[in-house]
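One chain follows as structure tokens, the form predicted on its own.
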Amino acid sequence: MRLELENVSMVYQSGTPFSARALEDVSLTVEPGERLAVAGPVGSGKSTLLAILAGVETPTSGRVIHGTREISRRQTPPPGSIGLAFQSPENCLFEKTVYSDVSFAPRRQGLDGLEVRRRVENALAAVGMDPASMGQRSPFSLSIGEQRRVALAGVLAMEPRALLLDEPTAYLDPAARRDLIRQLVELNEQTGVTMVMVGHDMDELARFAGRLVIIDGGRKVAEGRAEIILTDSALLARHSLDPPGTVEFCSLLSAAMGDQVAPALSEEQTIETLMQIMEGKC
């Protein structure tokens, strides 16, 4: 599903002494099946952009387009077309069992029992959970990481054409964070669902994104392929963002060797760079 913002601005409490501009003249296109990351410092407007893109918030000015359909105050996204996972989505869990929670949206869509079961099983499998062993457990007996997977499965059970994620790994331990990003990438590659993820952890965005946008002060200040943006340490520093750890490591290598070492965006690339350096020194 193609998503588009055209010259979108957002002012909260406009016309009052408490007026606050969150976004200013932002244009953005997300192509079908793309994995796009939106990065920026705290308070930059990332979450507002995601809410507007989802149709949850209506911009003060500009247009929001889903496919060929413009979203406005009078026209909302078709049911199930957009899946939105808020930050800390586990707070939205409420049913007695994992199965009931994940099946809530499909049941509300009026689907028959077999279709509901198919969607629940597929959604749980997509987030790395076994429907047979997890379905009848209480979601409140699970760890935070497991609860977050259940909440995400509840969104996936709607089989949305686009999935929007607001810092989905926040407050998870490193292993759970890495695992969740891996599952999202695999889901995108297997189903072609369009994904937009907001975050500020550059290591995670490096593993997730094909393309990256930086928002700062409510404006779009950079856009391009992830491997170009994330290896531009000077650009990231200007917007109070740290480069991925692998890029910092290569920078330290350059300083120690007195020679330029090409920045690597993944652990595999970093190991390959180290091997090449060792072979050259032997």
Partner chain sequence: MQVSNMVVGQYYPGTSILHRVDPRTKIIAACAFVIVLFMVNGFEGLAVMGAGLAAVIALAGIPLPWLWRGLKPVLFLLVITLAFQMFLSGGEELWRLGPVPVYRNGLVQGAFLTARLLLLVLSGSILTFSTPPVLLTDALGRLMEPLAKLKIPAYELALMMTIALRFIPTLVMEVDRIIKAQKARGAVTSGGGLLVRARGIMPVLVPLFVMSFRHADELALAMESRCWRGGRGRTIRRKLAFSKKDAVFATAVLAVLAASLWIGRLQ
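Numbering follows the first chain given and starts at 1. Just so it is clear, the structure is predicted and the values come from calculations on it, not from any experiment.
There is another form of this protein, the form predicted together with the partner chain, and it is not shown here; the text below is about that form.
- Taken together, the three residues A105, R108 and M158 all lie with some non-hydrogen atom within 4.5 angstroms of the partner chain in the predicted bound form.
- Heavy atoms of A125 never reach within 4.5 Å of the partner chain in the predicted bound form, leaving it off the interface.
- In the predicted bound form, the partner chain sits beyond 4.5 Å of every heavy atom of V221.
- Remark: V56 counts among the residues lining the partner chain in the predicted bound form, judged by a heavy atom distance of 4.5 Å or less.
- In the predicted bound form, T16 approaches the partner chain with a heavy atom inside 4.5 Å.
- Exactly one of the stretches 84 to 92, 174 to 182, 208 to 216, 125 to 133 approaches the partner chain in the predicted bound form with heavy atoms within 4.5 Å, and it is 84 to 92.
- Contacts between 29 to 50 and the partner chain, taken as any heavy atom within 4.5 Å in the predicted bound form, involve only S47.
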